[in-house]
Every structure is written in structure tokens, then in C-alpha cells.
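Below, in C-alpha cells: the form predicted alone, a single chain.
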Amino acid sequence: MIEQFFRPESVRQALELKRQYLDTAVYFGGGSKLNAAPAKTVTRVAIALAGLGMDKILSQDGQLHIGAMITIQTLEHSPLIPAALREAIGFVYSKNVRNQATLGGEIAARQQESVLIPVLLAMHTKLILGNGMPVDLEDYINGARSELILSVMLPEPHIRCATRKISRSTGGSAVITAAVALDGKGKMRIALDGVTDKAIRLRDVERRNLSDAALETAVSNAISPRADLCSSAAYKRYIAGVVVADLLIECQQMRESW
């Protein structure tokens, strides 16, 4: 339960407050995750990040830099973002949530169901942390990290990438969310959410350079999902393979059309 609410005037002040209050404090973006289950906070101190200038989008030297405090709704309307990221944002069904949630908050929350993380993983996203150092998104979500995220960097914003959410209804929880990307050398990246407690890359499958039925089988065999209210484990294995193979075809067709 939040008992104290600070509004620092600079990133430096925000970092000092976190050092002072340590695990009793949490960075506060839009608040969509901190105020609701399952990510509802139990910390006492909130460090608000609004007003620190972390809500800009900049294209520089072929890279796309997105401020961590930009709302998902604002991001959706930017002409600079890749089509696959815009499509993933559309998976967030509630416009109220999109208006409140921030990109940095979506990443930091580490929720089991995150429709944005797979496409960001497939695009080899990097995060710029409060100390100014870059870290791979994959390393951040795999570690017990709580550093302040200043910005999100897409090193290859024009990479061919496709994503899909499988759910029982438009606004329902995802059975799985998948993303596939092809880099300039034709190497494949595969990311899945909904098959473990966090989004993952299927690196072993990527290295095998498969397609069609062989790719479906490899993806299905590479994951060990748990049954939940959305789906059985067997269906998750099956549909993950089908969707990844379909997304690869979509990416290949993008290349052919160019």
C-alpha cells in the first residue's frame, strides 16, 4: 500500500530516492500495474516519473529511441514505430489501459501475460537504464532487476517482424502471444509468451533454420507449457508451433514484396 508519494524533479533525484528507500520504494509510471492484480504493489513509497521528460520518440542513426514514460496509446499513434509493434499494442484491448500504461511500466512489471514483450524480444530490443548503460531486454526480464528504465531502444526498427495473439475472445486473456523476426541476413528470431512464467526466445529452434511442418514440430517440442484457465498444455504446444510457422511465412512475404 502506497503511503508516501514523491515527485522528483530530475532523474538524479529519482535515483537518490530509490537508493534511500531501497525495496520499500517503487518507481511509479502510469500506475496501471501498481494498482491492480496480479502486479499490485506491496511497497510503501512511490517515486513518480511524470515530468522527467522520458516520453519522447526519436529516430537517430537508424535506431529508434522510445522514452520509457510514453503511454501505450501515444506510442500506437506514432508514425515512427514498426508495424509489428503497433499491431501488438492493438492486443491491449482496453483503451483506458493504453492511455494509462507506459512502455517502461509494461516491461518492468514482468507480468506473466505481456502481449508487447514478444515483439520487443524478436526485435532484439535494448533498454537504457538509470545509470546510462544499455542492457538487452532479454537479460532484464530474466534477471531480478529493478533498475530505472529510461528508454527503450530498437536497434533495427525496420526489421521484418510479425506477431499474433491467440485468445478465446478479442478482449480475453492470451493463450499465447508469438512474434517472429527475420534480420537482414535472413536469420530468424522467435519469441513466445504464455508458455512459461515469462516471455522467452527459442534460440535452439532459431539456429536450426527450419520452416513449415518441421518448424511447427520443433517449436512444439521446445516448450513445456502448463495448463491454465485459457488452455490445456497440449493445445498451447500445438498452437505455438502453428502460429510461429505462419508468422515466418508472413515475414518471408514481406521480404519478397520489398
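Keep in mind that what you see is a predicted model, and the values were worked out from it rather than measured. Quick note: we count residues from 1 along the sequence shown, nothing fancier.
Below: the form predicted together with a small molecule, not depicted.
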{"item": "Contact residue in the model of the complex, from 49, 64, 195, 219 (heavy atom within 4.5 Å of the small molecule)", "value": "49"}
{"item": "The single option of 141, 109, 81, 135 touching the small molecule in the model of the complex, heavy atom within 4.5 Å", "value": "109"}
{"item": "Stretch from 90-98, 118-126, 184-192, 153-161 whose residues place a heavy atom within 4.5 Å of the small molecule in the model of the complex", "value": "90-98"}
{"item": "Interface membership of residue 149, the small molecule in the model of the complex, 4.5 Å heavy atom rule", "value": "yes"}
{"item": "is_contact(residue 205, the small molecule) in the model of the complex, heavy atom dist at most 4.5 Å", "value": "no"}
{"item": "Residue 32 within 4.5 Å of the small molecule in the model of the complex, heavy atoms", "value": "yes"}
{"item": "The small molecule contact in the model of the complex: residue 26, any heavy atom under 4.5 Å", "value": "yes"}
{"item": "Non-hydrogen atom within 4.5 Å of the small molecule in the model of the complex for each of 175, 177 and 225", "value": "no"}
